[in-house]
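One chain comes next, on its own, written as structure tokens: the form predicted alone.
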């Protein structure tokens, strides 16, 4: 196997809005910039598969600035020697392995949906809200299928509208947050007309679709392993809704594996950064949903600040001009997260027999036996988090159920993702050791 060896001043990992903006600003500040993304096409979950003029402008700007884009490259390890880091990524190209040496790195690896266990959540047809949207973008047939969208967050109505425009029969949108918080949040959108217009634009697409606040799925029902219906609860009322798909997601959690691997400090479940978006590791910057869930605008602003800051002192002058706008977006993010905070009722959904770790078939009763316990105790007693996903699914859900710090559930041993043996062989070492990964001396 051959390998592709690259070098740059600034390496950006993650091709969503934050990563694209960071790469643009670094390259426009006279830095050699490389942008790595694990998908062949740029855009992240929010832009990928859409005819979006904003996305097109940013991607065109990156290309015009001279950003070298490497798609289909999944980073699985990082080694640090002296003042340079070498990032190792597995690609789908004939080379199979791409190594990038860089002086500074900007991490924009985004977030994923949080799933919460409830009876029947492992049935075929139960997916993430954004997950089903991604499947449909990729060509999954949804026309004529009955769909319930449930969980929490502004993503739910957007997903419901998207599915309906693709022919789905959306039966219900169930938002766990109460009407009181949603109304207060909606009133605050008067100060953000662009976001308000975007939200209002969904209404015509959702005509005829019931939207219930303070409502959540308590169980699913199926036949031959496939979903046929869900039971939902709103206050004291419960009822059953027939459906073919349940698209559910309970807010987002950041993809912290790479920051933790590099030794970046984590605070309150997110990568900790200073005013320049620089982490606790010098020369490593974080932007977008790694630092907090706050929407597209926040990701773009943080990406720009990180890109300029990574370019040196001249770039930092340009970054400072964006600070006020970022402060405003932080205020909006705080209101967003308050409005859609998960209620305690969701902690009681899983019964004693409910599987909470799908990879290792660990059940709620096994976890309750070690309560209050810890993530480490859960792994030792039940193998929870030790399966194929390495805790990416069960870690955030159990963090919510038992109050464990989410960073404690992050698995950060290289390789971060499954890697072909021939790719590992091409690295010249079977597994980069932890000291090399973090730069720590033996």
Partner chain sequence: MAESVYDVAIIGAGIVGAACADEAAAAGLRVAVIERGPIGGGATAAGMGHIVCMDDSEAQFALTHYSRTLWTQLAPQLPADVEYTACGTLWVAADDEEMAEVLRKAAYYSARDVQTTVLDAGQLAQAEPNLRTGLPGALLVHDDAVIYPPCAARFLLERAQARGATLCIGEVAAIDAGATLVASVALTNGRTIAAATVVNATGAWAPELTPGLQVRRRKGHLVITDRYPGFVRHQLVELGYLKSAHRVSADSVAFNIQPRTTGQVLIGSSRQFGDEGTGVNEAILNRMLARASEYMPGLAGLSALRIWTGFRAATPDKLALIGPCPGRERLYLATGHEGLGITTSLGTAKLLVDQLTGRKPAIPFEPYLPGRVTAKEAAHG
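Everything numeric here is computed off the predicted structure, so don't read it as measured data. Numbering follows the first chain given and starts at 1.
One more form of this protein, predicted in complex with its partner chain, exists but is not displayed; see below.
S.K.: Exactly one of 45, 397, 31, 390 has a non-hydrogen atom within 4.5 Å of its partner chain in the model of the complex; which residue is it?
M.R.: By the 4.5 Å heavy-atom cutoff, the listed residue in contact is 390.
S.K.: So its partner chain isn't shown here. In the model of the complex, which residue out of 380, 41, 65, 408 has a non-hydrogen atom within 4.5 Å of it?
M.R.: Result of the distance check: 380.
S.K.: Using a 4.5 Å heavy atom cut-off, which of 362-370, 257-265, 129-137, 115-123 contacts its partner chain in the model of the complex?
M.R.: The contacting stretch here is 362-370.
S.K.: Does any part of residue 304 reach within 4.5 Å of its partner chain in the model of the complex? Heavy atoms only, please.
M.R.: No - in the model of the complex, heavy atoms of residue 304 and its partner chain never come within 4.5 Å of each other.
S.K.: Against its partner chain in the model of the complex, would residue 402 count as a contact residue? Criterion: heavy atoms within 4.5 Å.
M.R.: Result no; residue 402 lies far from its partner chain in the model of the complex.
S.K.: Do residue 386 and its partner chain come within 4.5 Å of each other in the model of the complex, heavy atoms counted?
M.R.: Residue 386: contacts its partner chain in the model of the complex.
S.K.: Is residue 90 one of the residues lying within 4.5 Å of its partner chain in the model of the complex, judged by heavy atom distances?
M.R.: Within the cut-off, so yes.
S.K.: Taking heavy atoms and a 4.5 Å limit, what residues of 408-422 are near its partner chain in the model of the complex?
M.R.: 413, 414, 415, 417, 418, 419, 420, 421, 422, in sequence order.
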